[in-house]
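Quick setup: one chain, the form predicted on its own, written in structure tokens, and binding and motion questions come after.
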Amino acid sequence: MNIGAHTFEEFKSLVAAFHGYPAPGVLLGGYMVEMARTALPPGVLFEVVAESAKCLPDAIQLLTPCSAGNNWMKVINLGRYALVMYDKYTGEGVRVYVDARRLEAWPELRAWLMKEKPKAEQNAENLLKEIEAAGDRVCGIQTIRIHSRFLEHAHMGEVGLCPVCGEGFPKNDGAICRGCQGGAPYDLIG
């Protein structure tokens, strides 16, 4: 079973180059992305929500025009290995998820996904073979309608210079930039 235009081996090479190694989550995510894409009408302009911050966003970015940079992909970490792909104008689409009830035939895949054994005890070769053999057969699909607040695209608006740091920022954020309001995840040392 191909992943888009790629054989499993081709996609595995793409994943290794992009992610650093042929991560099982990205490989499984590839099947999930393709399952969602084929469920949408041809030619629809879509966006994606990843329900996991691990691996799945990389599969989305490798196989679709959706990325964190263009804001067509959102990561809302619900802790579930699932994605939502929807028409960016109507909000109608599908949710593809790993259906735990379908994992019985794939013991290494189940053990990896459900964290039933430590990584050191997992058989990576068998895991990749099971992901390739299972393809999207371990996935379920649901019809969804995205909440309207996710269809609205915020525009930056007017940009000003922060009086504290001197950097450009959206004036809608307040009198000073969000970093100077305490939103930065770091302290300047020098």
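In this text, residue numbers run from 1 along the sequence as written. Worth saying up front: this structure is predicted, and the values here are computed from it rather than measured.
One more form of this protein exists, namely the form predicted in complex with another copy of the chain; it is left out here, but the text below deals with it.
Q: Please identify the residue among E130, E51, E34, E47 with any heavy atom within 4.5 Å of another copy of the chain in the predicted complex.
A: Looking at the other structure, the residue within range turns out to be E51.
Q: For P118, is any heavy atom within 4.5 Å of another copy of the chain in the predicted complex, or not?
A: Taking the distances in the predicted complex, the answer for P118 is no, it never comes within 4.5 Å of another copy of the chain.
Q: Just to confirm, A105 within 4.5 Å of another copy of the chain in the predicted complex by heavy atoms?
A: Although another copy of the chain is absent here, A105 would stay clear of it in the predicted complex, with no heavy atoms inside 4.5 Å.
Q: So in the predicted complex, is another copy of the chain close enough to A5 to count as touching (4.5 Å, heavy atoms)?
A: Although another copy of the chain is absent here, A5 would stay clear of it in the predicted complex, with no heavy atoms inside 4.5 Å.
Q: Can K88 be called a contact residue for another copy of the chain in the predicted complex at 4.5 Å between heavy atoms?
A: The answer is no: K88 has no heavy atom within 4.5 Å of another copy of the chain.
Q: Where, within 163-179, is there a heavy atom within 4.5 Å of another copy of the chain in the predicted complex? Residue list please.
A: Those in contact are C165, G166, E167, G168, F169, P170, D173, C177, R178, G179.
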